[in-house]
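This document starts with one chain, in the form predicted alone, laid out as structure tokens.
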Amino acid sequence: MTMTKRKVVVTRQLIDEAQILLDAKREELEVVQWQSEKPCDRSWLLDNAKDATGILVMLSDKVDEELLEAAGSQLKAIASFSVGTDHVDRDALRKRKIRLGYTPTCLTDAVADLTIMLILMAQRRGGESIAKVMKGEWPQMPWHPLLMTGPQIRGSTVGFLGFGRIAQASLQRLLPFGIKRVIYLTSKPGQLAKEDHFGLIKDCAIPIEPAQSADRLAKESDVVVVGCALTSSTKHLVSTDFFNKMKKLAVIVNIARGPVIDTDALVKALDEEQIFGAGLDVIENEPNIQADHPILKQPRCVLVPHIGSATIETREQMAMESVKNLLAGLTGEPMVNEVELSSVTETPKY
């Protein structure tokens, strides 16, 4: 008698190493996979989710009541190829006792590296400078003492809105630049960070202090790094009031989720020179940013298309962990990284 294979759905082509790991299980699994590097059609996902035991999704795939209903009661696990889980309805998973795997730790170095790049690009007017060269304007730029000058990172106070693993890895990279002070805000203002991932908080040669409020973070920082989770309470946390309190020579960097910053307010702050510049890996309504978007008219804003994890090594590790999480979810074994879906919806740490 032949046993029915458990069905898994995978919403994208995978990197070779991860695909090999998945394909090795095809004798015991029915693998239904979207055969493209482009996002799968929602209708395809809903149609093929029926009777699935596990589903491996990307950040662009919404996991909601509609998908879970389409899958059915036998669904055991969702594996998300991402560090963020705001595309997943956690309450819906919790009610059905469906496990959720994700990949939070393997992105740390890549995103921290990009954070430093964006800080330097924002302070040193990197995007503006490159644009002038590309437009052929360099010959019409006679040198003078203040030509294309910006604030220097040495001696800066760096404020972190969210102080998790990526923020602390970014701080680790900033210390050799000679920053003078760090303040940070978590979901518990004024309290010390729960985790000291790299032993920096206790033993650092410069002050690292919790901020009492977002206002204080805005007022005292020369560099603000947005690294918090997107929740109902953090959406547009950085808006007009925040920008009005920032220093004129301060820059802001967002490596978290676009909607934490109110884009209209950011455009206004840059227009009115309320702040010096911005570096964004993420933005509201991405990827639907057309060439006429107001943010692209801001010479002192550097925007890159959500490439925080875009190193070869990181994406390979994310792919492998996603497949391992998927397989572990089918068998009840420990996942590499699993979201704890408690009986009460928790406010994500930031």
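Note that residue numbering begins at 1 and tracks the sequence as displayed. A quick note: this is a predicted structure, and the numbers were derived from the prediction, not measured.
Only in words, not in the display: the form predicted together with a further copy of the same chain, which the text now covers.
Peer 1: Using 4.5 Å between non-hydrogen atoms, is I283 touching a further copy of the same chain in the predicted complex?
Peer 2: So I283 counts as contacting a further copy of the same chain.
Peer 1: Is there a heavy atom of H144 lying 4.5 Å or less from a heavy atom of a further copy of the same chain in the predicted complex?
Peer 2: H144: contacts a further copy of the same chain in the predicted complex.
Peer 1: Wondering, does T231 line up within 4.5 Å of a further copy of the same chain in the predicted complex on heavy atoms?
Peer 2: It does not: once a further copy of the same chain is placed as it appears in the predicted complex, T231 has no heavy atom within 4.5 Å of it.
Peer 1: Report whether the minimum heavy atom distance between Y184 and a further copy of the same chain in the predicted complex is within 4.5 Å.
Peer 2: Y184: no, not in contact with a further copy of the same chain in the predicted complex.
Peer 1: Name the stretch, out of 64 to 72, 320 to 328, 35 to 43, 48 to 56, where some heavy atom lies within 4.5 Å of a further copy of the same chain in the predicted complex.
Peer 2: Residues of 35 to 43 come within 4.5 Å of the partner.
Peer 1: Give me the residue from R154, K194, K97, K202 that has a heavy atom within 4.5 Å of a further copy of the same chain in the predicted complex.
Peer 2: Checked against the cut-off, the match is R154.
Peer 1: Among R216, R173, K247, K188, which has any heavy atom within 4.5 Å of a further copy of the same chain in the predicted complex?
Peer 2: The residue in contact is R173.
Peer 1: Which residues, if any, of 134 to 150 lie within 4.5 Å of a further copy of the same chain in the predicted complex when only heavy atoms count?
Peer 2: The stretch 134 to 150, when checked against a further copy of the same chain in the predicted complex, contributes M134, K135, G136, W138, P139, M141, P142, W143, H144, P145, L146, L147, M148, T149, G150 at the 4.5 Å heavy-atom cut-off.
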